[in-house]
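Next up is one chain by itself, shown in structure tokens, the form predicted alone.
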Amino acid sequence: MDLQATLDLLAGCDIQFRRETRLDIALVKNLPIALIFLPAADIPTFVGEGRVDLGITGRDQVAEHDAQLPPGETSGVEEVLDLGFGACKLQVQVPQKGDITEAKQLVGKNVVTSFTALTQAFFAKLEGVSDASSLSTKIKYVGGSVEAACALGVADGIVDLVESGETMKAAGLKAIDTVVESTAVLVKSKNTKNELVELIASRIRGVITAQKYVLCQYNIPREKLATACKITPGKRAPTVTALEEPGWVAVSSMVEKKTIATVMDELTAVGATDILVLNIANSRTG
């Protein structure tokens, strides 16, 4: 997970703190809360047990935590918001030069991973068994450098996280299946009663929205307003204001940043003028 992206997110929420060197806890200066810096894999456990109210970790880590729960036990972790960064996939990988092209060919063989619960569930489904203890596939845990397992002869295949794919290719591996797709997520304890949880979640939601959208403003003849509004429908609806010039209106609308160039082209084509695009520093939207 991207630590800097998380720190930038907290800064955008005006959560002011100073983390002293080697300390894993920091007190927030302007709110009565404390930040605890934990390994991503540990966060769902602390949140699920109610020791921590809110957490930022990978969806893959939450899924692994939930997969480890005893039968019948409900997870205490609830996803609040997809944060949109740290995208990766937990994938089944095998040597590029080998004969294996499908995950089912690994059944009964050795598989190494840091995500044993998810991997066991994946292969249990392939083998058609309900109990991981009945698996014929031998799943072994390795905490790091999982990609080296095949080259060292420890495994026939691995299940590991893939971001750009460069590490996988450098290790001579190829992906043949996907177990889980993941991004960074904001999670909360289902048992929390802390009133600040919704405040912090609202602030984070506002920052994420501000990062995702820009504000597009333009002038358009009133008779073409309906067509223009189909191009820029906004989060709820565009804001329309009459201009001093008869027959013209000004429109202000939130537009996804990734589509703004195309939107500007389409607005120009339908007669919009004076098109401006403004960055959004923060937001509170419905």
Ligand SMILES: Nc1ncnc2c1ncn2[C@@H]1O[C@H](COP(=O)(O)OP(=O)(O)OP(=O)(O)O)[C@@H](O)[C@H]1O
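Values in this document were obtained by computation on a predicted structure and should not be read as measured data. Residue numbers run from 1 along the displayed sequence.
Only in words, not in the display: the form predicted together with the named molecule, which the text now covers.
- The closest heavy atom approach of Ala40 to the named molecule in the predicted bound form falls within 4.5 Å.
- At the 4.5 Å threshold, heavy atoms of Thr209 stay clear of the named molecule in the predicted bound form, well away from it.
- The closest non-hydrogen atom of Phe123 lies beyond 4.5 Å of the named molecule in the predicted bound form.
- A residue is said to contact a partner when one of its heavy atoms sits within 4.5 Å of a partner heavy atom; Ser182 meets this definition for the named molecule in the predicted bound form.
- Checked against the named molecule in the predicted bound form, the candidates Leu215, Val80, Leu118, Leu161 yield a single residue with a heavy atom inside 4.5 Å, and that residue is Leu161.
- Checking Cys88, Leu186, Ala132, Ala103 against the named molecule in the predicted bound form, a heavy atom within 4.5 Å turns up for just one residue: Cys88.
- Only one listed stretch (22-30, 52-60, 216-224, 241-249) carries heavy atoms within 4.5 Å of the named molecule in the predicted bound form, and that stretch is 52-60.
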